[in-house]
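The chain below stands alone and is given in structure tokens; this is the form predicted on its own.
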């Protein structure tokens, strides 16, 4: 499962890219708004941090078909290769996905709440579909179950599309989808940090250091030289 950072906080992205095996960064207009600057500047800064080898997702904001295409072209010109344009999974969005597919532009069907949305986005040519796990839960449905159903639909219909699960509240949700073989997950910085935030882990590591120091008077193997 690919792992993406769902954030536009530059310091958080720098930290996580340094310490975790991250495949890229996802953004949306709300996330970019939190950065408080021109979104084009923020996206360029993220690209500079993660490099050209990692993937960045940026969303078309326009509501019309023509506007979505214009936004997609601007995003690609701004961010270059390894860029995915997020398009809402609506009738207008499906039309834009089909057109962008013909142009060779990679898209992600976003704002996915139902398996049928995901199916239609994949059918329209999206390379990713992004169901919102926690938001689906908050509507009274089973977010994890919906994502698994979407995964089954894509696999059973041999669709060239990958689930990009989003909107997580805890690491257990991510783990359950990783176990199921979901293609990608995008998580907020705090959720990623919580993957290994465990007092038992920290305590065990410190115990090893303490025991080694008692034996050798040193705190690392290299200090023995």
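Residue numbers count along the first chain shown, from 1. All figures in this text were calculated on a predicted structure; none of them were measured in a lab.
Omitted here: the form predicted in complex with SN-glycerol-3-phosphate. The next part is about that form.
- Across the proposed site, 6, 132 and 167 without exception bring a heavy atom within 4.5 Å of SN-glycerol-3-phosphate in the model of the complex.
- The closest non-hydrogen atom of residue 28 lies within 4.5 Å of SN-glycerol-3-phosphate in the model of the complex.
- Listed stretches are 175-183, 28-36, 65-73, 48-56; the contact stretch with SN-glycerol-3-phosphate in the model of the complex is 28-36, by a heavy atom cutoff of 4.5 Å.
- With contact defined as any non-hydrogen atom lying within 4.5 angstroms of SN-glycerol-3-phosphate in the model of the complex, 86 is the only contacting residue in 81-100.
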